[in-house]
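Consider the single chain below, provided in structure tokens and representing the form predicted on its own.
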């Protein structure tokens, strides 16, 4: 039985889940590590249970049909992994976009869980939440990945100052960076994400020019923001660098109920138009 904690040491981070095999979190078959906690609150977030750290309110405990949750002596939530059926009742019940199943792990403990899959994967991708909230953890995990000849990718919302962290950049092979609205329109970016997005295009340009940007990514939902303007501005920053652009259709899967009711899915015509903008700049576009 494991007791969740809201604290982390420099070498540890709250881990929401570990996938030993994923083909959608970077190139090839990869292990994906999802960290808990995010400094954004995107209206269309597809993993809202990763946004905040558990406050130990206990709301999820009686909602667990398997009896896998309880309150520990220190007041923290105890999660019994063996009893848990992963029905997600706790996630659906949590009023704070959190999860009682988060574990505080060291990079070595994470690598130990990935170890059986190493013969079958090309690398490790760390996502979230926002993984760059835990740079010390990332540096150490990146070193462990390098020792095992695994590539090391980060999935980021673009809020981190990558240029100022030479150590992290030295052990990171590439970054997948989100452009979630028009970063030059702070009010719009804040409406969509809860953050003003300041400097995100500069960070994208820095990563691209240093050959550390695998792809930009934008989730497209008609009416939420002007995707044509966003893709056009973002493309200008990565022209000629070899980075690609992933254009992601908004889908009402895994999102909060209010988002599912308010947001629209894009049609093929809009997605092809955005891909055409990328092509016009000589940038490979991937529509998913």
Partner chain sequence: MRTITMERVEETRQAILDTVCSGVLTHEQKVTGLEKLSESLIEVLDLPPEYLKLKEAGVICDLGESNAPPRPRYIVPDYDRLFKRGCEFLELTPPADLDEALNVLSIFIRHVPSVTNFPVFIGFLDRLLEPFVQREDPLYAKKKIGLFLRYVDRTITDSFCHADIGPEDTRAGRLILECEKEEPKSVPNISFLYDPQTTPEDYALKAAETALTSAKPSFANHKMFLSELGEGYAVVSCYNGLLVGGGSYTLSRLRLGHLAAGAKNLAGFWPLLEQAAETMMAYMDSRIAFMVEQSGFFESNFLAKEGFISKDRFTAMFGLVGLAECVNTLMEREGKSGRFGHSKDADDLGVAIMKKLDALVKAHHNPYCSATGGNFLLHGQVGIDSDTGESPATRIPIGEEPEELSDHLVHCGLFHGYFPAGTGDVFTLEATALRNPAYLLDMVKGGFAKGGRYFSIYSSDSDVIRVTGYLVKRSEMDKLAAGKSVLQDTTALGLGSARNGHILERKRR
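Residue numbers count along the first chain shown, from 1. Computed from a predicted model, the values in this text were never measured in an experiment.
Separately, the form predicted in complex with its partner chain exists; it is not shown, and the next lines address it.
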Within 4.5 Å of its partner chain in the predicted bound form by heavy atoms, the stretch out of 102-110, 120-128, 169-177, 139-147 is 120-128
Notebook entry, point to check: If you check in the predicted bound form, is residue 27 within 4.5 Å of its partner chain, heavy atoms only?
Noted result: yes
Distance check, residue 269 to its partner chain in the predicted bound form, heavy atom within 4.5 Å = no
Check residue 20 for me: does it contact its partner chain in the predicted bound form (non-hydrogen atoms, 4.5 angstroms)? yes
Looking in the predicted bound form, the residues of 267-288 with a heavy atom no more than 4.5 Å from its partner chain, listed in order, are 286, 287, 288
